Structures are given as structure tokens and as C-alpha cells.
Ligand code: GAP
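Just one chain follows, in the form predicted on its own, and it is written as C-alpha cells.
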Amino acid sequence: MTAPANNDGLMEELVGLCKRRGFIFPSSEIYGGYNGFFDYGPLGVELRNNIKHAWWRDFVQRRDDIEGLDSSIIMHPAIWKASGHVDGFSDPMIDCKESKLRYRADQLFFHPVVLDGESVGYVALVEGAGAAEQIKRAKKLRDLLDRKQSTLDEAQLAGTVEAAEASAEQREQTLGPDATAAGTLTEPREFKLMFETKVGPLADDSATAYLRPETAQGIFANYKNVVDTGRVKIPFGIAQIGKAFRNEITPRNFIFRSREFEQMEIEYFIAPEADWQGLHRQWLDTCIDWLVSIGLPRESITEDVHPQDKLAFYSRATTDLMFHFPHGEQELWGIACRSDYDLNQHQEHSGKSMEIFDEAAKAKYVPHVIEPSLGVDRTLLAILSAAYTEDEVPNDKGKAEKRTLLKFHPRIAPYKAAVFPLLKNKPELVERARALYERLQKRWNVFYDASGAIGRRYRRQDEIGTPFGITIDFDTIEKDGTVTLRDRDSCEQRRLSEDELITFLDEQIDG
């Protein structure tokens, strides 16, 4: 496995834009922040909600075979015992004896360093580190070895060894990410990822509970409730959107890997003898099409099929949909075939039957599961990455001017349109603009802006991804009542009546 290439410049631009325009803030910022946690501002919460609404609309409300659920964040601790999380939900961690920092073994890579054609050791870098950082650390190792005059063969830095698979000899020859001497990294050790809490008045072990590390077990625990009340038949799915918590030791890459996140997850129940390979492929295609429908470029989405020897013992197959994030190609959506493991575990530990009667087959059985699991926050980061654009357009004086824009799909854009009176000191323009704004506001989230030159107002909306600008000018009042509709991406303008405008926006946003 190789460490992904990155684009630190784009990530820095996105982080700055998100803070500046009110998409995402560091959590607890007035107290210095809290690593791994983020707060969503006025625009961020709209974008986030639009993503969730689009997913729920397409995967639950527009399908006859999916039911919705919202389970509690804290559930009986026996659920996590049955699922294997209490005993086995951990990550291999590597400590640095010098810096006292800790790294996830699957996110740490050893890069060989070659001087004058001779292999002299390794430099360890965390996931997402680019070539410039690799070379910088390689030169540090060269200096430590007192071989300053040696030529560094940068081409050799492309090869990597995953830290979890490195030998003791390789670790002794490795300069850690934050170390000043080689050989400071320990062997991988397991670290539990679940957050513990206490329920009830007692503070002893009997009161121990957990913040859920995934939403799936809430679905499995309620599976029989849905079967008994929902008039469902195989195959069918249960969908849930909800918060999950993992005690990540090294959260990084903005909101990509954090300690509090939100999942959009489906457990799709199928017969044991069903064509699971075919259904798995159908779900992959459905998920790809949905990502494209909300604005992600198809060419930025690839498939990573997990090899059989890397699968969990109960898994038949897992394929991750990968996306080219600013920090490299990483997992966005996992689609796994989990067999009947989870339901059987809960059947065994709870003593409650998890069988379903299949009317078509006239048989009872514990169904198998296909699980498409998608993170809201990762989806939001992918959308921001794909939407971020810089170009040049004419300003109010006709000169080329650089602009930053977010090319959000109208369906998920925080604001669907912005309404402008051409001049704020003309009451007839303001009155007409306010009336149109209030009419549109009954259906969509729209913005009203009368401050500054019209070109400045366009640029402000471009930067936050508003797809359409609507200007009320003197022709609206004195001639035919039409308004000017401006397209964010092309800057093209055309005139429409108000009724034509409503029809157009309906097609673009909800069509």
C-alpha cells in the first residue's frame, strides 16, 4: 500500500473559506479549540442538511423497499458486547518514545531512503504527507547519518512499507514523523476506540455504557421491530442517519477523520441464497450514480475491492468507493456484504429470534446483509473539494477579475438563489425585490442582498455557491415585468417572467 498524494494548497484554501464564510468552525475555538471536533456554521448546517435530505429522499422516500429508523446514541452495553465492539473494536497504534506522540499503524508509512544508490533506512510519514515532506525528512535522516555530501535519490521515495507490516529491523532504521533520531517507534499495540460514559447514579463498572461508534447496531437491534410493524418483505432495507463517536488518536485532514461524525447507513436484508454478487454490484452502481447526481465528477470516483485475505471472517465482499480528496484518494463510501453475522450474534446474546418468514420461499431464516455506509462529513468535504473553483470574470468596469466560486449542485447549495434590487435607494425596486424574495422563500432557502455594487453582490454569492442571482431592475418596473436571471458558473444572463422563473428553479432544484 502506498501513501496517497495530496494537495495541501487546496485543503488550506477550503479550510480558510469554510471559516471565513461560515461553513465550518473549530469546536470550542474561544478556548483554543478541541482537536477532532467541529461546529457547522450558518452555511455549513444548510449544506449538511441538504446532503442528508437528498440522501433520505432518494434512498428512503423514493424507494418502496427501504424503511427509516432513528435509534438512540447510547444503547444497552450488551449490544456492543454481542457485536464484538467491546472486545475487538480497536486500532493498532504506534508510539514514538522520543516525541511521546501516537500514530495509527494503518495511517503510518515507511518510505525507503536511498543515498548514492544505497538504501540507508526509512522515514515514517503519516497518511496524506506529500512528496515535499518526504524529501524534507529524508534529508534529515541523511544529516543524522552524517552523509551530507551524499546524493539523495528522490525516485526511491515512491516505494513504501505500511507501518503495521514493518519488521523490527525496519523500525530500528526508521526516523519517526516527529523524531530527531531513528529507532524511536514502538511495535503496534491495540488501542480501544469507543468512548465510555456512565448511565444512572452509580459510578462503578455496572453503570458503564458507550457512545455508539457506528449506527449499524441500532438497526440490527431494531430489525425485528421493523419486521413486525412495517409490513416488509425480503429483500428490504432499514436506513438511518445519525451521530457516531470514535476516539481517534490522530484525527486529521480537516473533517475527513474526526471524533464525532455523522453516518448515512443502510442495512439491506436479503435471502441467504440470493444473488448477493449481483445485488452488491447494483448497490455500487446506485451509490455511484447518487454521488454524481449531487455534483461529484464521475472521474473522481474509483472502486477499491478489498482482497479476500483482508476481509473480516464474516464478510463475503467489501468494495470502497474512493474519492480524490485534497489529501489524496481515500474512502468515501463503503459497500459491504456482511453475511448473517450481526443478526446471529444478537440472536445468540439476546435469546430473541432474528428469523424472518419469507412468503415467496415459504421458509424461515436469518437474512444476510448488504451494508452501504456513507459519512455525511466526508461527503461534505468531497462536495467542497469538487466544487471549489477559481477563474476570471469581468468586473463592473469590464476588467478581468479573479473570483473564487463553489460550483454546488442547486439541490444541495445552501442558498438556491439570491434576489437583488439593482439600487437600494429606489423604493419601487426594493419593494418589488422584497415581494419576489418572500414568494421564493416559501419554497426554498433564498438570500436577499441590497448592499454594494451589483457585481460585488454577485461575487459574494459565487463564493458561497449560490447557483442563481435574480436582479430587479428598471425594466422589471417600467416594461414587461421580467427579471434578470444570472447563472453562477457561466455568468450568462437572461430575462424571465416571475412565473417562468419559478418553473425554471423548480426544475433545477427539485427536478
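Since this is a predicted model, take the numbers as computed values, not measurements. For every residue, the number given is its place in the sequence shown, counted from 1.
A second form of this protein, the form predicted in complex with the named molecule, is not displayed here; the remarks below concern that form.
**OP:** Just give me the single entry in I370, L332, A124, I238 that has a non-hydrogen atom within 4.5 angstroms of the named molecule in the model of the complex.
**Re:** Among I370, L332, A124, I238, a heavy atom within 4.5 Å of the named molecule in the model of the complex occurs only for L332.
Subject >> Listed residue that, although the named molecule is not shown, lies within 4.5 Å of it in the model of the complex (heavy atoms), from S300, Q345, Q263, T184 >> reply: After the contact test, the surviving option is Q263.
Subject >> Heavy atom of A433 within 4.5 Å of the named molecule in the model of the complex >> reply: Residue-level check for A433: no, no contact with the named molecule.
**OP:** Would you please decide whether P414 lies within 4.5 angstroms of the named molecule in the model of the complex, comparing each non-hydrogen atom pair?
**Re:** Residue-level check for P414: no, no contact with the named molecule.
Original post:
Are any of the heavy atoms in S258 no more than 4.5 Å from a heavy atom of the named molecule in the model of the complex?
Top reply: Result yes; S258 sits at the interface with the named molecule in the model of the complex.
Original post:
Any of the heavy atoms of H111 lying within 4.5 Å of the named molecule in the model of the complex?
Top reply: The answer is no: H111 has no heavy atom within 4.5 Å of the named molecule.
**OP:** Specify the contacting stretch among 142-150, 286-294, 162-170, 249-257, defined as having any heavy atom within 4.5 Å of the named molecule in the model of the complex.
**Re:** It is the stretch 249-257.
Original post:
Going by heavy atoms, what in 373-387 lies within 4.5 angstroms of the named molecule in the model of the complex?
Top reply: The stretch 373-387, when checked against the named molecule in the model of the complex, contributes S373, L374, G375, R378 at the 4.5 Å heavy-atom cut-off.
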